[in-house]
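Quick setup: one chain, the form predicted on its own, written in structure tokens, and binding and motion questions come after.
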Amino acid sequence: MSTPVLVAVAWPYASGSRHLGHLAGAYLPADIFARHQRTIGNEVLMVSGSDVHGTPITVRADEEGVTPQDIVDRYHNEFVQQWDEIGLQWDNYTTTGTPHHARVTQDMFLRQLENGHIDKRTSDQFYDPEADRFLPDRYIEGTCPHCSYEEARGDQCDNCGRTLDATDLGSPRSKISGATPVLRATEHFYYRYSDFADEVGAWLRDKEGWRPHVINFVTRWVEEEGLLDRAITRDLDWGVELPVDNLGPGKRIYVWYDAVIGYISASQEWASKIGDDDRWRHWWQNDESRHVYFIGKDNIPFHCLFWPSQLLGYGDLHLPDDVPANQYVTFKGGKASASRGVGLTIREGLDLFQPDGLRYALAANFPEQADTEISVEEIARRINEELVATWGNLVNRVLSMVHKNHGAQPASDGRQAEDEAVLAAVDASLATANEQIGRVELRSALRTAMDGAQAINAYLNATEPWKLAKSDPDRSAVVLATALDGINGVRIAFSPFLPFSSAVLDEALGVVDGWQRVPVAPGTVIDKPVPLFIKVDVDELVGDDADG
């Protein structure tokens, strides 16, 4: 029976180019998972978009002397182009800057206000006396009270990942003027997250199969800090407008309240685009649906604590079923960071490597349970020693032998035990990979797919059909037919990871429907193959990397 699966993917700030850490952390895992879910017959809705209201955007606009919209347009268009080049298969990739998103956000605000989960409070917030303005959290830097990192932001510490209030920082300074900000009273709306502390805590206790670092982080947070009420408006002129006017001018809904609402607004926008305005309810108001959120480690509290609280405050909306947050990708020991310029950008990665090669190498190093190190050399090694040498070489030599000796897939009558054994191994790898991807164990699933390829390689080395072609051509034909049937199974296991080369094999061997090994029909014409992957010249790449 088909299951509606929402694949909800972190919204990147449209404030600068994204790096390979972002791609490996959230976007590529989501695409692999979604492709698999579609293949096994589930109804997938994969949504995300560019977060255009983040203060990193206004900070960059101020630095460049342009408008925030100029920054948004530049980077949103860049993201869309790169998602296409790397093969991300969105159902809807949008932005938080659409009128649609504003309406959905305002509707959620008003419902929660009516339900008593939003109230007004006066609090002290930082004010820059030189710039003569209140400072949003990301316009303030200082020392983290938890780990003493001296470049923590007013909303979060990049070093330890803790969510902060700007007033928690030691030695605060304004990013606009460098001045020491002062506290001044200002009135804002607060979301009463504390209303949901018990309910969210109970919801988390029921979770099984979540990654240990995710569930341990949030349960410890609830036990030690609880859910604290937080201001959801700021003194800004960039963001979703308030649907009420009793705070006065110069206030906007704050980004980390409205950004997560994008999962719903993007779903509703998709429904509108397909001409069925209520279709989003099939995912959001359906107890049989499954919601899987793909995010980085620094977004865990927003998606496991704050977002569920907001959903509960609205009512009749499906809560997350899994939040398989990845840990960090590091480059030469430093955490990949767009703001600090650490790590290769996605553009640089695409300029250096084939899309499938890049997808493979990153997937082989997904930081699912711990931080992982990546480099140009490691990507090249994975491509050359694994993807090219094992899978690419296997496909090329079997198709080449079939083309040369038979021109088409031979009949496989008279298979022997060793022939059936290799096909059984391929079928087992498909079943195992299916279970692993379902649990979002993507690295393991990729290894399982490669195990299937290696089993066929071992079978060929044992049977030597190139020798049998002279001594026993009938037996050689059976072996090659068996190997090609095996390849037709293994390629299904690889297909979520390697969409571009999988499309080539669809053309060569026929499209397969479902997550299964389908024998190649005898008589299927096999043309002379072109290598699926290009071997990487490591010395040339490292030289380019060193120069630039």
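Here the rigid core means the biggest group of C-alpha atoms that line up within 1.5 Å when the two forms are laid on top of each other. Numbering starts at 1 and follows the sequence shown. What you see is a predicted model; the values in this text were computed from it and never measured.
The same protein also exists as the form predicted in complex with the RNA; that form is not shown, yet it is the one meant from here on.
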If you check Gln369, Thr180, Asn286, Ser194 against the RNA in the predicted bound form, which one has a heavy atom within 4.5 Å? Gln369
Of the residues Arg382, Arg173, Arg252, Arg290, which one places a heavy atom within 4.5 Å of the RNA in the predicted bound form? Arg382
Look up in the predicted bound form whether Lys467 has a non-hydrogen atom within 4.5 angstroms of the RNA, and give yes or no. yes
Test of understanding: in the predicted bound form, would Leu317 fall inside 4.5 Å of the RNA by heavy atoms? no
If we define contact as a non-hydrogen atom of the residue within 4.5 angstroms of the partner, is Gln125 a contact of the RNA in the predicted bound form? yes
Test of understanding: in the predicted bound form, would Val244 fall inside 4.5 Å of the RNA by heavy atoms? no
With the partner removed from view, which of 194 to 202, 73 to 81, 290 to 298, 274 to 282 is the stretch that lies within 4.5 Å of the RNA in the predicted bound form, judged by heavy atom distances? 290 to 298
Can we say Asn365, Met401 and Asn457 each have a non-hydrogen atom within 4.5 Å of the RNA in the predicted bound form? yes
Of the residues spanning 424 to 446, the ones with some heavy atom within 4.5 Å of the RNA in the predicted bound form are Arg443
Compare the position of the CA of Thr167 between the shown form and the other one after a rigid core fit and state whether the shift reaches 2 Å. yes
Given a core-based superposition, decide whether the C-alpha of Tyr360 shifts by 2 Å or more between the shown form and the other one. no
